[in-house]
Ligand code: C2E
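In the block that follows, a single chain appears as structure tokens, in the form predicted on its own.
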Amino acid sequence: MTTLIVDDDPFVIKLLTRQLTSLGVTGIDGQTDSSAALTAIADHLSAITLLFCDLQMPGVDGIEIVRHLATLGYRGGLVLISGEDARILNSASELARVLKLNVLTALQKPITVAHLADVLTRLAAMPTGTPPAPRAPRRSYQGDDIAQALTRGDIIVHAQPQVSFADRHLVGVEMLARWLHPQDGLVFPDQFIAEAEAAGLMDGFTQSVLQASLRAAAGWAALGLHPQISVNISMDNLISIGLVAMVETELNRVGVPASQLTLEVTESRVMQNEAAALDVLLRLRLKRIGLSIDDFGTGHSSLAQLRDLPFSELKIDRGFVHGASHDPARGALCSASMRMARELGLSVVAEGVEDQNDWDYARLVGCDIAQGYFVARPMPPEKLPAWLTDWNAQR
């Protein structure tokens, strides 16, 4: 067995079998009974390379089958099919991806030969061979570990370029914190930021990241490069009245103009003190420092904060950008966020631009700036000039 079709409608199984056979697929099995399908999956798991699963079935439904596939560690390609609306299919696909299944696509009935040809193309592009070994459990870090890292100077930055959709010129660089751990190597922020916030270390952490970012900016300036420098701050920083003085001191120390700095507000928590945050943000903007609302559409960001806080830039979260060209829900959210930002006079950065389709769509709906793997992955600051030379040659 190489292909299994699970659908309670015999006609659908017969039609898909005929269509797949016309495309050269052999070894097709169909199951109209979901309980029998579960048995077939368990008995032939390693032999199934492609599985079509209908969501709406009596008894054991498609979502239960998806969960069962994840529990068994199914590594083949999965295609979800349904007569339900696209949003249900999209949600089911997201669930399957969260469960680490290889979702090739989700198809609304009726399914055409062209749809199936695309499925086979995606299946052929899937990595083959031995499934990857399970990842080692993520290490958790305590506040004392992070405090020592700050003292030792182990917090470094990597730079991810941002380019203009209009002419592909480099316009900015987001500076991303990394922990160069003496034993664990490069540790990413999602493994320690929450602990740093809980331990009350964000002021020192932000200052360390800002210092490293501005040193990088000064180095680029010596080479004639003056991109906008974006540095993340947390809601914890915004309750500190001393933040403004600290930022101003660091800018003056290195000689970077305030107008070249943008602070990205990352909302990992609900705003605890709106008056204090508004005080700090207003003073930063009066000093011509840019303010960006990061990952808009996720976390605790809200329309009220867009209305009340003096942001100059909105970053559309990658979850609304990547895949928006062929996902109506993502596309609607991406374009609506862009239009709203435009009405508010904000510049718009599209995060998660990972392929040509993402680039074309975000440019079409009017985003100003692109950031994502299609442009460049984050890199050590000293590698930016060489990347820029290559980028300009391609441009």
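Start at 1 with the first residue shown and count on from there. Just so it is clear, the model here is predicted, and its values are computed rather than measured.
A second form of this protein, the form predicted together with the ligand, is not displayed here; the remarks below concern that form.
When the ligand is considered in the model of the complex, only one residue from 116, 280, 202, 214 comes within 4.5 Å through any heavy atom, namely 202. Of the candidates 256, 177, 289, 101, 177 is the one whose heavy atoms come within 4.5 Å of the ligand in the model of the complex; the others do not. For the ligand in the model of the complex, the listed stretch (27-35, 53-61, 350-358, 335-343) containing residues with heavy atoms inside 4.5 Å is 350-358. When the ligand is considered in the model of the complex, residue 373 lines it closely, a heavy atom lying within 4.5 Å. Contact check for residue 189: a heavy atom falls within 4.5 Å of the ligand in the model of the complex. The ligand is not shown here, but in the model of the complex it comes within 4.5 Å of a heavy atom of residue 193. Proximity of residue 313 to the ligand in the model of the complex falls outside the 4.5 Å heavy atom cutoff. For the candidate spot formed by 3, 69 and 93, no residue has a non-hydrogen atom within 4.5 angstroms of the ligand in the model of the complex. Contact annotation for 318-340: a single residue, 318, has a non-hydrogen atom within 4.5 angstroms of the ligand in the model of the complex.
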